[in-house]
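Taking the form predicted alone, here's one chain by itself in structure tokens.
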Amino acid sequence: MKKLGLAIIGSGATSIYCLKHILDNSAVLKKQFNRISIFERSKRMGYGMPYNPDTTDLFNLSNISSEEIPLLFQTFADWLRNQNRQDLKKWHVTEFPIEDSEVYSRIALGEYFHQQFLVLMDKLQTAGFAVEEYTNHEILDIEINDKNNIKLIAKNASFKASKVIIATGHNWQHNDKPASGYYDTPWPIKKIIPKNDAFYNFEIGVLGASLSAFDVVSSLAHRHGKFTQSKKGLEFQLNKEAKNFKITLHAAQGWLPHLQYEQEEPFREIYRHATREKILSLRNENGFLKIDSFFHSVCRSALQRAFEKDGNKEMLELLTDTKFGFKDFIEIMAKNHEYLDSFEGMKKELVQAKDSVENNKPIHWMETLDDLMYCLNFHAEMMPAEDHLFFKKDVKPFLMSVIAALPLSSAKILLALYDAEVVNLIAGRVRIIEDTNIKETTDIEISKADNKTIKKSYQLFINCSGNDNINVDTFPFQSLVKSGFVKEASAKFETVKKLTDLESTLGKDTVWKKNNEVFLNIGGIAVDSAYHIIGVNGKTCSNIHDLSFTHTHGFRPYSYGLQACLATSLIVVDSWLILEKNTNKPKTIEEVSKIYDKDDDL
């Protein structure tokens, strides 16, 4: 069994930013460990699942511009400018000059991260670290034998480490049923692409209208027709041999994503609109940070300033009413995004979005809201269970539609397909009908807003609802669960005192009682504010950090994207430098928020 120092499981963006922060603090951290081992389950090191050519497709866009990507050694745009045209064409980068504000293919971004990773490896070794790379090494389990003895178990080998970072990223369960045309996730996307240049001459169903759903639409459309630029804009011509090809998106609310907008500050900042002291002072007598208090004391004034800049007098007036709360705000802004036909609505928004981006006109309220929710996310351990439920049910779906913006180039592709009558959208909640009989189709039931239900049958149905979140029973390192080093993340109810008030609506497995207090399992595993895993005894494992968003989605409900990869990495590495080491007492938000306050990149 080989002995290691620091072991990092995963080699994607989170791992890369961790390594960069280790390099930046190498003089101090070399005293804690001098050997770094990186484990990657695929054959490619330093890409990450969304950008790996084995996972994604030539026609999938990265959804983030160079100016929004946290800096490594060279910006993405500058790196692209230094590549030869032959390689750029191979990565589907075909429009020039390269722009800092433009989005490019995921494959191109993956190559960028891979090259930055290689630079990191060289610089870490120059700084005095021994660095080992293990490709095709999926860590199947983790065991803890004693305080400083962590065992990583791969298929044909095991390793001992003194410190571990879990940075595994997406973890799709792959409950596909190819015989009935059902795919539980679109990844790797090659599995849904027709073989041997064949065509799908039938209607295809897609669950979700997310950015991943657009990846599916783009990949399939490019193989069933041709996009051309005319005076009218981008147009799509369906291949004559694919005349029955069509894609139907299914979205609960019938919403399509908002479009890319210009930002005054492309990087989020935790304390942009309130100080650390202000946020901590908002806790009530029971120690809770209520979303209502956060909205009234922090969000209201910040949004007023934003809407004043945007010239939106109606929202400015509504926000002056102290009875106007966050729920009211979401309902009003959601209605502004509702259209009888979502594609026609997108056409209207495209005019505003183009004006925003091309003429450098920020949409201040969207940027401000994103900042505010980013701040709340990094203090979510202070929220009561009631607010976790509200955030999950009402706030997050709104944010993921409004803030997880679709690039303008992607919107043009989608609208070209709509005009060609190749794509449409059906609103309503979808239930996949389980059938014990072997069928060649996937049948679904759609519950509409008017309580009516309709049924549809698809030869190909692709689930793009983002179903990769992990709970304790699906946590990949089950020995940690069985030995009590990992438990489910939970939050305490402030007002509810009886289980019977909740069991009928939330389920007996979701709510529980201890010492006359009622708790909610919020999803994912329990970690402290410095991302140490927390066991059933309430103590942390001081040498294991879990930075995977899919593992900590309950604790950090609005962590997504490359900026969150940067933030979580910074918090962990800074905790090694600043906070007390080798203690099993969970690190509190009071301690870790000092890191937020001190580090300029947070």
Ligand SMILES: Cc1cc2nc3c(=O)[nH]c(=O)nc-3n(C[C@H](O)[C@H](O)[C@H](O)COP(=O)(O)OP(=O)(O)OC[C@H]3O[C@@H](n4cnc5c(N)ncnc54)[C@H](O)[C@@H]3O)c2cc1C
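In this text, all values refer to a predicted model and were calculated from it rather than measured experimentally. For every residue, the number given is its place in the sequence shown, counted from 1.
The same protein has a further form, the form predicted in complex with the ligand, not shown here; the description that follows concerns it.
Just one of N63, S66, T552, S37 has a heavy atom within 4.5 Å of the ligand in the predicted complex. Which one?
Looking at the other structure, the residue within range turns out to be N63.
Quick one: of K246, H137, K347, K487, which gets a non-hydrogen atom within 4.5 angstroms of the ligand in the predicted complex?
Partner contact (heavy atom, 4.5 Å) among the options: H137.
Partner-proximal stretch of 587-595, 7-15, 21-29, 574-582 relative to the ligand in the predicted complex, 4.5 angstroms, heavy atom
One stretch meets the cut-off, namely 7-15.
G523, heavy atom within 4.5 angstroms of the ligand in the predicted complex:
No, G523 sits far enough from the ligand in the predicted complex that none of its heavy atoms falls within 4.5 Å.
I'd like to check something about S410: if you look in the predicted complex, is any of its heavy atoms closer than or equal to 4.5 Å to a heavy atom of the ligand?
Looking in the predicted complex, residue contacts with the ligand do not include S410, since no heavy atom lies within 4.5 Å.
Is there any non-hydrogen atom of D215 lying within 4.5 Å of the ligand in the predicted complex?
Answer yes; at least one heavy atom of D215 falls within 4.5 Å of the ligand in the predicted complex.
Looking in the predicted complex, any heavy atom of P557 within 4.5 Å of the ligand?
P557: no contact with the ligand in the predicted complex.
Could you run down 267-302 and flag each residue that has a heavy atom within 4.5 Å of the ligand in the predicted complex?
Heavy-atom contacts within 4.5 Å come from no residue here.
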